[in-house]
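Shown here is one chain on its own, the form predicted alone, set out as structure tokens.
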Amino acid sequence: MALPTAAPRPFIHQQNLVEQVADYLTQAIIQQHFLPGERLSEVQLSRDLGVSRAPVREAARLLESRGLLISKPRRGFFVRALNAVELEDVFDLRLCLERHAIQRLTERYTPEAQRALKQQVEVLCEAAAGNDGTRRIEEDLQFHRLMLHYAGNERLLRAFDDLAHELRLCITLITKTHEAPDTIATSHFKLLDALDSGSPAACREAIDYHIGVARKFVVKGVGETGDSSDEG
């Protein structure tokens, strides 16, 4: 009888390392330590993080698959600068997902879902009162993720999770150009009011308005920063 083989610990450790580097780069991009269009230096990052270049390269490839970086032959990886057309595509898909989700949610809006969403808006408002922009973005996404979770379609949720990487870039633009970032948080109460009404029409109107405002500020952000293309 063959003896059981040991788990490939070095491989698992390496994968964890890649994820850690990817998380670091994601936060650095969201916090705009690396600006749109900026080239990432594998050598400098490996020195700063105290790791070899291999996990840095693998993490960059992972972020490329998530839409946060782009690669250019013989030039390396660059922070992606979403242009207006790409932003419209992101918000168009987001609207499709969340319209369907909120419609499903009106049909199964349980007291548990109501409590969870209300609590998350309170957490979001608390985060908006602080100076941690990254936390505001994550709590904002978590509210919308909870909506899709309680809509009861795992594939819908998975599609949102895939889109969320690019949405982080979009929300960064919103918080950068919005005159009062705390109103972004309180605007989620209108979605709760629509869900409480039980009206599918009111819910559709609320989500259309909510995402439409977000789209407006993202387009404004692109105009003010001059980000018109990720080529260059």
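The numbering used is simple: start at 1 and walk along the sequence shown. Note that the rigid core is defined as the largest set of C-alphas that superpose within 1.5 Å between two forms. It should be emphasised that the depicted structure is a prediction, and the values quoted were computed from it without experimental measurement.
Just so you know, the form predicted together with the DNA exists too; it's not on screen, but the next bit is about it.
Peer 1: Which of these residues, Ala202, Leu40, Leu163, Leu62, gets a heavy atom within 4.5 Å of the DNA in the predicted bound form?
Peer 2: The option sitting close enough to the partner is Leu40.
Peer 1: To test your reading of this chain, name the stretch in 163-171, 186-194, 25-33, 48-56 whose heavy atoms come within 4.5 Å of the DNA in the predicted bound form.
Peer 2: Within 4.5 Å of the partner lies stretch 48-56.
Peer 1: Against the DNA in the predicted bound form, would Arg108 count as a contact residue? Criterion: heavy atoms within 4.5 Å.
Peer 2: Because no heavy atom of Arg108 falls inside 4.5 Å of the DNA in the predicted bound form, the answer is no.
Peer 1: Could you tell me if Leu17 has a non-hydrogen atom within 4.5 Å of the DNA in the predicted bound form?
Peer 2: So Leu17 counts as contacting the DNA.
Peer 1: In the predicted bound form, does Arg74 have a heavy atom within 4.5 Å of the DNA?
Peer 2: Close contact exists here: in the predicted bound form, Arg74 approaches the DNA to within 4.5 Å, heavy atoms only.
Peer 1: Taking 2 Å as the cut-off, check whether the CA of Arg108 shifts that much or more between the shown form and the other one after a rigid core fit.
Peer 2: False for Arg108: its C-alpha shift is below 2 Å.
Peer 1: With both forms fit on the core, is the shift of the CA atom of Gly76 between the shown form and the other one 2 Å or larger?
Peer 2: It does shift by 2 Å or more.
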